[in-house]
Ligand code: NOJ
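Before any questions on binding or motion, here is one chain by itself as structure tokens, the form predicted alone.
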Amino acid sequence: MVQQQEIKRAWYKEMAVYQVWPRSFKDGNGDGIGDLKGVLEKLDYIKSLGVDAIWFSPLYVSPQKDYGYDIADYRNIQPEYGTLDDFRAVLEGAHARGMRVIMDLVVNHTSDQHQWFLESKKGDDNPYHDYYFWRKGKGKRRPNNWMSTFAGPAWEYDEGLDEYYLHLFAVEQPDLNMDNPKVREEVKDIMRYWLDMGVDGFREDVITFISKKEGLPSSPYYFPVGTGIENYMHGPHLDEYLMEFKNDVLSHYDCMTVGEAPMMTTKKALHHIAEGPDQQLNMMFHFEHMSADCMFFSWLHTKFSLKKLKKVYTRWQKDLYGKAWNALYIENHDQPRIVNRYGSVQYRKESAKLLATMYICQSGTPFIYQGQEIGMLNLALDSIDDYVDVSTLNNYQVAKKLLGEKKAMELVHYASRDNARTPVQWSAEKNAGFTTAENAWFHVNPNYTEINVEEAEKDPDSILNYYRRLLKFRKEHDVVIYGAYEEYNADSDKLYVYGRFLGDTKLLVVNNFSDDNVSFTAPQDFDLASGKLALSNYEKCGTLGNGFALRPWETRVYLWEA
């Protein structure tokens, strides 16, 4: 018998979240760049999906070297996106529609154009010098052998100071020294600023990197990317700093937090998000389920393995159940489009619906990334010069040295974050209806004439309308949100089958991850004849006894209610 847990209700558990990457969402003023006026224009559309919150990727003032994740002013809006008044209008508009607003909190690093960093460069007697990690070199060598997660050394030399500064990401993103209590007070003030304005919570960017090992020692291991990660991932004061943020600020507001954490495991996650007095964050974004077609990250590409994917999902569902809350996603601004990775372009509509069902019917809060709801796809550009993402440009150079130009470009087409950053395809009009300008800020996928919101709205069987039905179904049935999870057919490399159980209610979710017809027999204790077919991505879903033949990329959800 599946072990069920008592329901511990919370608003953040029952919501679904829509992620907006503002530069590519909707241009409201005709300059070719997405902005807050464009978001305001589309609030009714976002609400129509059945979501309860919007998470904004960074809107703050930024030189845009990493498209907003390099912040120059935490208390103001990037002029290309609008003004604080524009943000307040979006905030009020979202709240008026019953939607909450989540901001990105990026405090592992700032922009090199932030006033703190500019001051820190004036000398070691400047009060801001210790806001960052400035170190002398070791002779002609850097302070240690750490490599940036964006490729290249993690130290940049400053001739004026004759010192190096640490940057775990781009050269333009110097790491903050969170060991300095003044820096932590700055972070708390930033949190209060936005929470007092009415923001409902934060997604905390690479938050598990904020504490570095004392002495910043070199690593005995070498990787082209991320050497030294063991010295700053889950550092010695991470728990202390997260609890400080919670106790001094977050616990005084009705807000939620979701941390982002590379190389996260369930054991480590529970350390941070297990419910109780020591809980530091509400949820944790991990990357394990995004490694079913790669080793660690999408640039180390391997063949997709459904068994690998299932093992990860089952582990997170089982290990967290009754103890902590899952954050569910399959796309975001850092990941290529999921249909290209885990689905099938040939069966785009079917596989997009299957992937949505597969993850949204699990226990946790689902996050949906802009364009995911219409099945947007990757975009393969001809030249590396056509790409703008700093991570893509750096990783391409490493791949080119190791594998040659042709293979490097194949990896760019598959793995680039720019795949997720093409403008949202609103209509078949010029520039996909994203902008009235002559050109959008970045390439529009040429398939916009077939794949767009306007077309999807007209089609009752569209991916968009399926997402609406799926999110409505989740909201109407506690078993989808709070039920226990049990996997079946674990050895199958084509079927992903699981059940959900809450009291006398149960759910059976059946997914065929293949281009083939696959026979399926329901597990014991599931009588298909007495269950209701609640969701499916094909018409005419018959059964034969207690089973059926699944068509390519078919998904079905059966419901039994007392």
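Residue numbers run from 1 along the displayed sequence. Just so it is clear, the structure is predicted and the values come from calculations on it, not from any experiment.
Keep in mind that the form predicted together with ligand NOJ is missing from the display, and what follows is about it.
Residue 272 within 4.5 Å of ligand NOJ in the predicted complex, heavy atoms
No, residue 272 stays farther than 4.5 Å from ligand NOJ in the predicted complex.
How about residue 498 - does it come within 4.5 Å of ligand NOJ in the predicted complex, if we only consider non-hydrogen atoms?
No, residue 498 sits far enough from ligand NOJ in the predicted complex that none of its heavy atoms falls within 4.5 Å.
Could you confirm whether residue 66 comes within 4.5 Å of ligand NOJ in the predicted complex, counting heavy atoms only?
Yes, contact at 4.5 Å.
Taking heavy atoms only, is residue 368 within 4.5 angstroms of ligand NOJ in the predicted complex?
So residue 368 does not count as contacting ligand NOJ.
Ligand NOJ in the predicted complex: contacted by all of 150, 206 and 334, heavy atom 4.5 Å:
Every residue of the spot touches ligand NOJ in the predicted complex.
Please pick out the stretch from 134-142, 457-465, 75-83, 104-112 that is in contact with ligand NOJ in the predicted complex, where contact means heavy atoms within 4.5 Å.
Contact criterion met by 104-112 only.
Listed residue (184, 421, 212, 100) with a non-hydrogen atom within 4.5 angstroms of ligand NOJ in the predicted complex
After the contact test, the surviving option is 421.
Identify, from the list 173, 257, 227, 317, the residue with a heavy atom within 4.5 Å of ligand NOJ in the predicted complex.
Spelling it out, the residue with a heavy atom inside the cut-off is 173.
Which residues within 20-55 place at least one heavy atom within 4.5 Å of ligand NOJ in the predicted complex?
The stretch 20-55, when checked against ligand NOJ in the predicted complex, contributes no residue at the 4.5 Å heavy-atom cut-off.
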